[in-house]
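To begin, one chain is listed below as structure tokens, in the form predicted on its own.
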């Protein structure tokens, strides 16, 4: 068993938080994992993406080759298209429909979402609305993790345990909010 996941977004959207939660869940599950990330200029909304590789065998490279990712989780629709060439044939895209407009010539959102839909298996989620429903717009990344969780080799209960562990220093209210965000993301993805 192996799974290659591309996480994509812009600085400040919580891509590295998602990667750390997945890594910890893999560790709890007894899986091998490797992670590599490219940080953009987060203060300016620069591109950030992470390669997360999970396997029950040794992993020798932390980078996912193009056309090999089983899953792409994108916090930003245009960023999903930027890394679409990493997705394998039959791979799954889970993308937020909420743009982070940080350039003056951001393309028409409907055209961006249509391009995602035409790119393969997809789930598009209103992460902004769901995160507010969960209690904070800062939980959009956990909404998206929930939406992608049904396509992961990791068990839901292990991901929830990892979320609890990751946010435990922030207190019960933050843990509960992120658990609710995860649940709402799963529900939005039809899981």
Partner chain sequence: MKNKLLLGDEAVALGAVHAGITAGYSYPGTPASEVMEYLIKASAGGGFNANWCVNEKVAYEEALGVSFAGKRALVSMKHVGLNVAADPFMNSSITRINGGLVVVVADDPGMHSSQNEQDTRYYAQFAQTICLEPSSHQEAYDMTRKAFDLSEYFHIPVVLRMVTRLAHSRSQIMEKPAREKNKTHRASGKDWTLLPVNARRRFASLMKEQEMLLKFSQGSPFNMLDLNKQNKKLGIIASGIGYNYVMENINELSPAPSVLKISAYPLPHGLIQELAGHVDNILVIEEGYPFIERNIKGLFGIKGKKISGKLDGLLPITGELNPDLARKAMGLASLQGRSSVPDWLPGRPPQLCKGCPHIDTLKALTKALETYPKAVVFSDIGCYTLGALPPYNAVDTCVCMGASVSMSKGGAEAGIYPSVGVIGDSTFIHSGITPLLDAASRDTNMTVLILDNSTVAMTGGQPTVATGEKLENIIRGLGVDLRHIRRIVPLKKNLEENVEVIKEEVKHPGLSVIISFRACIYEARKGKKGAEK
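Please read all numbers here as calculations on a predicted model, not as lab measurements. Residue numbers count along the first chain shown, from 1.
Absent from the display: the form predicted in complex with its partner chain. The rest refers to it.
Chemist: On the criterion of a non-hydrogen atom at 4.5 angstroms or closer, are 35, 66 and 85 all touching its partner chain in the model of the complex?
Modeler: Result yes, every residue of the spot touches its partner chain.
Chemist: Taking the shortest heavy atom distance, is residue 154 within 4.5 Å of its partner chain in the model of the complex?
Modeler: Output for residue 154 is no: heavy atoms all beyond 4.5 Å of its partner chain.
Chemist: Residue-level contact is defined here as any heavy atom of the residue lying within 4.5 Å of its partner chain in the model of the complex; does residue 18 satisfy this criterion?
Modeler: Contact with its partner chain, no.
Chemist: Does residue 137 reach its partner chain in the model of the complex, with heavy atoms at most 4.5 Å apart?
Modeler: Residue 137: no contact with its partner chain in the model of the complex.
Chemist: Taking heavy atoms only, is residue 150 within 4.5 angstroms of its partner chain in the model of the complex?
Modeler: It does not: once its partner chain is placed as it appears in the model of the complex, residue 150 has no heavy atom within 4.5 Å of it.
Chemist: In the model of the complex, which residues of 45 to 78 put a heavy atom within 4.5 Å of its partner chain?
Modeler: Result: 45, 46, 47, 53, 60, 61, 62, 63, 64, 65, 66, 67, 68, 76, 78.
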